[in-house]
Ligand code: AMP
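The chain that follows stands alone, in the form predicted alone, written as C-alpha cells.
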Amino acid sequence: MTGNTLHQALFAPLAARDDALITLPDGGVVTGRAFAAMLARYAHALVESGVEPGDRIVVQVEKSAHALALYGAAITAGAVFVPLNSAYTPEELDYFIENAEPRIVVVDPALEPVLGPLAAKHGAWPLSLGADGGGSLAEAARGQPESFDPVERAPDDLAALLYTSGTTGRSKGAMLSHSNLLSNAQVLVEEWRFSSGDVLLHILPIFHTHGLFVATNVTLAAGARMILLPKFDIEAVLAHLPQASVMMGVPTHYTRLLADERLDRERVAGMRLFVSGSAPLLAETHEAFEARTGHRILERYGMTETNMNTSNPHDGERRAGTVGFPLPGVEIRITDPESGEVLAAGATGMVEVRGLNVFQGYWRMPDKTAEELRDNGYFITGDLGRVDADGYLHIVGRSKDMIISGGLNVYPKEIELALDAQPGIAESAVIGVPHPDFGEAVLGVLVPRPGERPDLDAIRATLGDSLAAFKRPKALVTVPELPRNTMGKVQKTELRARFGDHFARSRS
C-alpha cells in the first residue's frame, strides 16, 4: 500500500469535500473535490514532464489557487517543492536554479521567454503557470485524469527546500521533511483551536513559511477553508473580514488596518483569532488593536529552518513584547553565544531549538549545517533572547545585529523599545556603525509620526533616565520609513550601508 505522509494528511481528504475550500477574490469558489481534481491533473503533468521522486521543482509564480494546487501536486508526486519570491530577478534566480538543480522550473507565462532559457541553461525543463490557470503547465494538465495514486514518501523524506533570505551572504536551502511540516501544522491546529468551521483570510505570500506552511497547511490540516487574496490590499481585507474567522499577518498589516477608521468591532464581530509574526509587533500596536477591536493579537515565533517554535497562548495572557511559550514537542534553551553553555533562567543569550519541526540541514552545504545544527539536534537560530520568570520568551535581536561598543555588548531591542516610547516616534531601528573611539557606536534611526517633528536632543536626554551610558545612541537620525523585506522584517543591512560612515562624516 502506498503512503505519502503529507498527501494523506492534507490533500487526500479534499476529494470527499463538496463544500468550498477556497473563496476567490471575485467571489467564486473552489470546492475541495475540484481542488483535488486540479491537483491530480497537475501531478500527472509533472510526471509526464519527467519528474521522479526526490526531484526538485522550482516555482516562481503569482499567488493563486492554481499555485496551491501545484504545491499539492509536487508533494503528491513525491517531488521536493522549491517556492521562490516572485520579486526575484533573473540574476538572483540563476543562483537558486543552479543550487537546487531542479528537474522543472515553473514561472509566470509572461516571464517564460526570459526565464525559460535560464532554466534550460541549468538542465531544467521550463514550464509556466498563470494565476488564471494559463500557461504551458496548465495546458499539459488539461485532459489529465482527476485522480492520482500518490508516490510513496516517508516522514523523513524531503518535502520542500525553502531558501533563507540571504541577508548576510548567499541564501541557504533549508531541507524540510514531510514530518517537519506535518508535525508543526498538527500542533498549531490544536494550539490555535482551529476547526473545520474556521475561515482563514489568507493575505500572505505563498513563497514563505508563514503563508505556505503555516497558513495553508494549518487550514488544510483542520479541514477549514480560506479566502485567498493575492496580497494585502486594505480595501479587499476590510471587505472580507466579516466573512472570516482567522487572519494571519505581519505587523505592518495591523498598523495599516489601524490607520483606517473603518476597522471597528462590528467589522470583526465574526473573527476568532488574529495572529502576527515574521517581525516584532510593537506593544503600542497590541494595545491600540485591542482597544479598537476587542481582540488581543496572538504573537508567535518561527523561522525558515523550523516553522513555528513558540506561541503566546490561545487561552491565557498574550503578553506584548514576547513570543510566548515553546509549542508542544519543541524545546527551547538559551546558551552562551561563544561557549555554547546553557545559561541560567533570565539571562540573555543565543536561542536554540530542538523538535520534530527542526529542518534536516542546508541543501548541499554540510559545513554550514554542521555550524548551525548541533549533534544533539539543537538548531542555533542566530536570535538572541531570554526567558522571563513566567516562561515567556523574549527575542532581543539577531546575533549579527548585536553591537559591541567599547567592548560592551549592546542589544538593539532594548534601546528600540525605549525609543519607540518617545513622543513623536512611530518606530525605530538601532544599529551599530564604525566609530573611531568605541569601535562601534549605537545609532538610532527614527521614523517620526505623521506631521510631527520630534526633538532629538530631548529624546537623547530622556534616555539617560533608563539606559546606561554605553547603551545610549551616540546619534539619532530620522527617515520617512524603515526598509523592510516582503515579510515586514526591517533590513538593518541596508541601514548599516546607508549610515555606516555617519560618525566619520560628523568628525570631518
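Only a predicted model underlies this, so the values are computations on that prediction, with no experimental measurement involved. We number the residues from 1 along the sequence you see.
Absent from the display: the form predicted in complex with this ligand. The rest refers to it.
Practice task
Work out which of 280, 83, 385, 78 lies within 4.5 Å of this ligand in the predicted bound form, going by heavy atoms.
Solution key: Looking at 280, 83, 385, 78 one by one, just 280 meets the 4.5 Å heavy-atom criterion.
Practice task
Let me know the one among 148, 301, 363, 192 whose heavy atoms come within 4.5 Å of this ligand in the predicted bound form, would you?
Solution key: Exactly one residue meets the criterion: 301.
Problem - Residue stretch of 365 to 373, 227 to 235, 93 to 101, 293 to 301 approaching this ligand in the predicted bound form, non-hydrogen atom distance within 4.5 Å - result: Careful reading of the contacts points to 293 to 301.
Practice task
Tell me, yes or no, whether residue 209 is in contact with this ligand in the predicted bound form, where a contact means a heavy atom of each within 4.5 Å.
Solution key: Yes, residue 209 lies within 4.5 Å of this ligand in the predicted bound form.
Practice task
Evaluate residue 318 for contact with this ligand in the predicted bound form, applying a 4.5 angstroms cut-off between non-hydrogen atoms, and reply yes or no.
Solution key: Output for residue 318 is no: heavy atoms all beyond 4.5 Å of this ligand.
Practice task
Give a yes/no on whether residue 398 approaches this ligand to within 4.5 Å in the predicted bound form, heavy atoms considered.
Solution key: Taking the distances in the predicted bound form, the answer for residue 398 is yes, it comes within 4.5 Å of this ligand.
Exercise for the section: Evaluate residue 489 for contact with this ligand in the predicted bound form, applying a 4.5 angstroms cut-off between non-hydrogen atoms, and reply yes or no. Expected result: The answer is yes: residue 489 has a heavy atom within 4.5 Å of this ligand.
Practice task
Could you run down 323 to 360 and flag each residue that has a heavy atom within 4.5 Å of this ligand in the predicted bound form?
Solution key: If the 4.5 Å heavy-atom criterion is applied to this ligand in the predicted bound form, 323 to 360 yields only 323.
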